[in-house]
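Before any questions on binding or motion, here is one chain by itself as structure tokens, the form predicted alone.
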Amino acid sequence: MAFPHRLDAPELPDFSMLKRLARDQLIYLLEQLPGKKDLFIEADLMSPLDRIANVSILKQHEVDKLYKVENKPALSSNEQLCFLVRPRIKNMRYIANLVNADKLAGRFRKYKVILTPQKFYACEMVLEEEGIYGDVSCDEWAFSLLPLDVDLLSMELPEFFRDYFLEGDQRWINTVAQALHLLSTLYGPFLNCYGIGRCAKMSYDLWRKLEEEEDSETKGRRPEIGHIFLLDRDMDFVTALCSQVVYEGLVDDTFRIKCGSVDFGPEVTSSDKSLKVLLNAEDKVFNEIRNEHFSNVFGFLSQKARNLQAQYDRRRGMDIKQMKNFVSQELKGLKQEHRLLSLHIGACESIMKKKTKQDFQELIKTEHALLEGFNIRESTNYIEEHIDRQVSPIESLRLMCLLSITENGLIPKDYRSLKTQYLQSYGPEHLLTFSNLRRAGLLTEQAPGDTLTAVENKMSKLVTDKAAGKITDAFSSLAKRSNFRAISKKLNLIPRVDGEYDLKVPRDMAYVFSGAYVPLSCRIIEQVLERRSWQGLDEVIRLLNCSEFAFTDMTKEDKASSESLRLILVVFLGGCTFSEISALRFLGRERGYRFIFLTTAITNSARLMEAMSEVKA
């Protein structure tokens, strides 16, 4: 059932060191304000902070009370205030208002601002404008890598996607470069580096500069990780827009996994309380089903329940000594497993109820038709019906974007019709969202003559043009085109299967989408690993509009052990889905690799659409 790791799989590095480093640095900053202090924390930093330093650790370092940064007056009576916030203008204004209110009341306290993951000049400028720059001390807490699991690191920067891919704001590139520099300092240099995308190239160049400046730190170190991939999210929007069907992905789509944990409501816990559950490899039940297609999960859980019952039943024939051993050694573990099992069964039932209500099968069928390029008219009708029934504004947008990317833009008649129906159904306030989606290349309109074949012809002319170094007008007009159909053919993303695809014993990474589609990002990684370069993938790179942004950096491998050469770090800039993580874990088991994932944040189709939306839920 659950695929075990191969016996020859390389050991993963110990990432708990990153937590210790972050905790020690935070404690050092807090102790710079000696004595009792109140700590104001920004809401979206609370979960990451809890994974690093819980309340009892903060209390040990003289943090008296904790407050949430929110739009209301602070009630703290402490003489020392510390603010732990993201470097955002609105946070600086909040702090400035608080300090200025104290000044008006004739009250003088000590203020310390800790900005994480980095300090921006714009933030200090706001403090200066507000006339409080001299009253507060500003520090940087370089906390940019949070280990969510043994093989998953997150920067917990969900705003990265919108900031870079929509607004063109490059401020987080330095944070990525610093994170990569920290990893190479702690775990040795990376031998082979591959990347694709403008953001990947910029992050790589800046990281290399940092490495050159502090070259002596990693010299002579044995590399623990052999390969590193840097990928931009806009290389592959299709994967992020598809409905997830592996268990972990479905839990994320249904309940929202936040910072590695999920809130299961009363419908799952079968009580009147909600429960926060940490989802990682330590949860033995979850670890066995997380990468499984949902259709296999119920069978596994019921078998597990029977096995558990059999273990409980063993105590019936025991004498006193055996019973004592059973109670002291096994009972606690069995009870814990029983609790987790009932939670995951509850989660499965809840998912089933919701998906049955949504007619999930019909939705998946439409998505598969869009991926394969069949029955486009029927799929468009399905999307129209979805909009007219006002099922969900986010879901309707997602389906429109999937149609647009797979068809290389909508024909003008369909674009206008769908947009009009959407605005009439969900309200004209969504008009700016359409502008955002167009700018990001997620929902575009075909220009006259820009049918698929016309676009492919344009591309092939560019491909054969020897003067491709000069970026032509034709190239920039295609900058936001997806060319999905051509890429799909080149990389065989839609598997051809005789009969039914066996989801119990998957043959390839397509199982994460019920055998209908191999995630493009994962296929690219697989192909580059086979070739050890981008050689032979020239046309794919051109179709992805990335001719200048695909790079390889190879180092001599004489220092590397065979173990480290099978450890691969994949960096997703703009977010990564649980489906991609499951697909690459599968590829690792098949080929004897172990993948480590570093992402700016975990994403899914709803988060992607919400990032583009101008209408806040």
Partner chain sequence: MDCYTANWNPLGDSAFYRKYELYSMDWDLKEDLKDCLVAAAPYGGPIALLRNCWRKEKAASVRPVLEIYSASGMPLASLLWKSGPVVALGWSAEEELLCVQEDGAVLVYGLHGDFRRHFSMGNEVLQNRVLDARIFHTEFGSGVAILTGAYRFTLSANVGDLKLRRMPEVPGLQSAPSCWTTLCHDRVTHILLAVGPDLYLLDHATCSTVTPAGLAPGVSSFLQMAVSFTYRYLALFTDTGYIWMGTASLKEKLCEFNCNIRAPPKQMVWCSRPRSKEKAVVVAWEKRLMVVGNVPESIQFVLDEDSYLVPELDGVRIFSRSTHEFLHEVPVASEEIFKIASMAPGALLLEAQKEYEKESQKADEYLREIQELGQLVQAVQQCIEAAGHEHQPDMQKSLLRAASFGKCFLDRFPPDSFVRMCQDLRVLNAIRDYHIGIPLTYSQYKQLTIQVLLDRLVLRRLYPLAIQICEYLRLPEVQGVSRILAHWACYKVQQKDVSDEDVARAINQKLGDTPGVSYSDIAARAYGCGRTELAIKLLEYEPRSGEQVPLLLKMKRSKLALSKAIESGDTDLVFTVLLHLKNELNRGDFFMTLRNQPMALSLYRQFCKHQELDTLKDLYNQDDNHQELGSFHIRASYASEERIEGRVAALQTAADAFYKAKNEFAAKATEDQMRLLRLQRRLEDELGGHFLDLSLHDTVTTLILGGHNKRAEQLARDFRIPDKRLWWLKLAALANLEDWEELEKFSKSKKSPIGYLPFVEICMKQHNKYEAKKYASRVGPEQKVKALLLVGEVAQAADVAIEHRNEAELSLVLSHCTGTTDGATADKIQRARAQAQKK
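Numbering follows the first chain given and starts at 1. All figures in this text were calculated on a predicted structure; none of them were measured in a lab.
Just so it is clear, the following notes concern the form predicted together with its partner chain, a form of the same protein that is not shown.
*Asks:* Does every residue of K419, L432 and E614 put a non-hydrogen atom within 4.5 angstroms of its partner chain in the predicted bound form?
*Replies:* Yes.
*Asks:* Sort through 495-503, 185-193, 235-243, 113-121 and report the only stretch with a non-hydrogen atom within 4.5 Å of its partner chain in the predicted bound form.
*Replies:* The contacting stretch is 113-121.
*Asks:* Please check if E385 has a heavy atom lying within 4.5 Å of any heavy atom of its partner chain in the predicted bound form.
*Replies:* Although its partner chain is absent here, E385 would touch it in the predicted bound form, with heavy atoms inside 4.5 Å.
*Asks:* May I ask you to state whether S425 is within 4.5 Å of its partner chain in the predicted bound form, using heavy atom distances?
*Replies:* Heavy-atom contact with its partner chain at 4.5 Å: present for S425.
*Asks:* Please run the contact check for D102 against its partner chain in the predicted bound form: heavy atoms, 4.5 angstroms, yes or no?
*Replies:* Contact with its partner chain, no.
*Asks:* Indicate whether its partner chain has at least one heavy atom within 4.5 Å of a heavy atom of D163 in the predicted bound form.
*Replies:* Yes, contact at 4.5 Å.
*Asks:* Scan D272, E530, E362, E282 and let me know which has any heavy atom within 4.5 Å of its partner chain in the predicted bound form.
*Replies:* Contact check passes for E362.
*Asks:* Considering its partner chain in the predicted bound form, which of D538, D139, E267, E167 comes within 4.5 Å of it through any heavy atom?
*Replies:* Exactly one listed residue reaches within 4.5 Å, namely E167.
*Asks:* Using a 4.5 Å cut-off on heavy atoms, which residues of 389-408 contact its partner chain in the predicted bound form?
*Replies:* The stretch touches the partner through R389, Q390.
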